[in-house]
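Here's a solo chain for you in structure tokens, the form predicted on its own.
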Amino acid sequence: MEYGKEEKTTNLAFSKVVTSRLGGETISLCYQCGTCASSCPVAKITERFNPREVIKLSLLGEKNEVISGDAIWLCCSCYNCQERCPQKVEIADVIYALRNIALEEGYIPNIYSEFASALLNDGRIVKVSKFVENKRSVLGLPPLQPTGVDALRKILSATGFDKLQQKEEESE
């Protein structure tokens, strides 16, 4: 086998996977002009995210770097990049496709595991303190009702969301 041929096949395979996904169809239209990065509010405040870099790495087939890193999770989906792209690359949608690939491969940001755990245990993402409960009555708000955790667990189990909690427990 010719040197580098296997790597090129892998690279091509990943870009085809992204292109075949809902939201990823336009990734190959990108010619790296940088317009997306210039209008990205996240890229302006952190070097950890640059939509142009994410697309470049995806097109080059750097699957592991793209899906195992945190860059794809930093996109705020403001659509500035998408609205300004001269090639009509649907960048925010491409990011969603990459996130879905990452989730399927088992790369889940810790925050989602924490959300799953809190929802399955308490029925809420954030625990409500006694102080906040008392403030509700002072503000004229009704008391919080107990959550139907059993019904919620059934729903989360049917969607596979309960597996996120299992992943968090395994990593501890």
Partner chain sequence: MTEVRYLLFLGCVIPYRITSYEISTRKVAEKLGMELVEMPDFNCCGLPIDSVSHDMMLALAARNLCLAEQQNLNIMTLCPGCGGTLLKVNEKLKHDKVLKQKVNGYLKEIGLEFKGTIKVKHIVQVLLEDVGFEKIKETIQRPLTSLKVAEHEGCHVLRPKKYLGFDDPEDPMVFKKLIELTGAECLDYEDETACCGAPIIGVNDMIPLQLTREKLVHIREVGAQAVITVCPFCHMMFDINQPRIERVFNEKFGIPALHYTQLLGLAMGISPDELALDQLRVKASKVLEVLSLTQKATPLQK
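Residue numbers count along the first chain shown, from 1. Rigid core here is just the name for the largest C-alpha set that superposes within 1.5 Å across the two forms. These numbers were taken from a predicted model, which means no experiment stands behind them.
The next section is about a form of this same protein that is not shown, the form predicted together with its partner chain.
J.: Would all three of 29, 56 and 163 be in contact with its partner chain in the model of the complex, where contact means some heavy atom lies within 4.5 Å?
T.: So, no: the whole triplet misses its partner chain.
J.: Would residue 116 count as touching its partner chain in the model of the complex under a 4.5 Å heavy atom rule?
T.: Residue 116 belongs to the contact set for its partner chain.
J.: Would residue 60 count as a contact of its partner chain in the model of the complex, using a 4.5 angstroms cut-off between non-hydrogen atoms?
T.: Taking the distances in the model of the complex, the answer for residue 60 is no, it never comes within 4.5 Å of its partner chain.
J.: So in the model of the complex, does residue 46 come within 4.5 Å of its partner chain, heavy atom to heavy atom?
T.: Heavy-atom contact with its partner chain at 4.5 Å: present for residue 46.
J.: Contact with its partner chain in the model of the complex for residue 69, defined as at least one heavy atom pair within 4.5 Å: yes or no?
T.: Residue 69: no contact with its partner chain in the model of the complex.
J.: Taking only heavy atoms into account, state which residues of 70-96 are within 4.5 Å of its partner chain in the model of the complex, ordered by sequence.
T.: 73, 74, 75, 76, 77, 78, 79, 80, 83, 84, 90, 93, 96 sit within 4.5 Å of the partner.
J.: Could you tell me whether the Cα atom of residue 133 shifts by at least 2 Å between this form and the one not shown after core superposition?
T.: Comparing forms between this form and the one not shown, the residue 133 CA shifts at least 2 Å.
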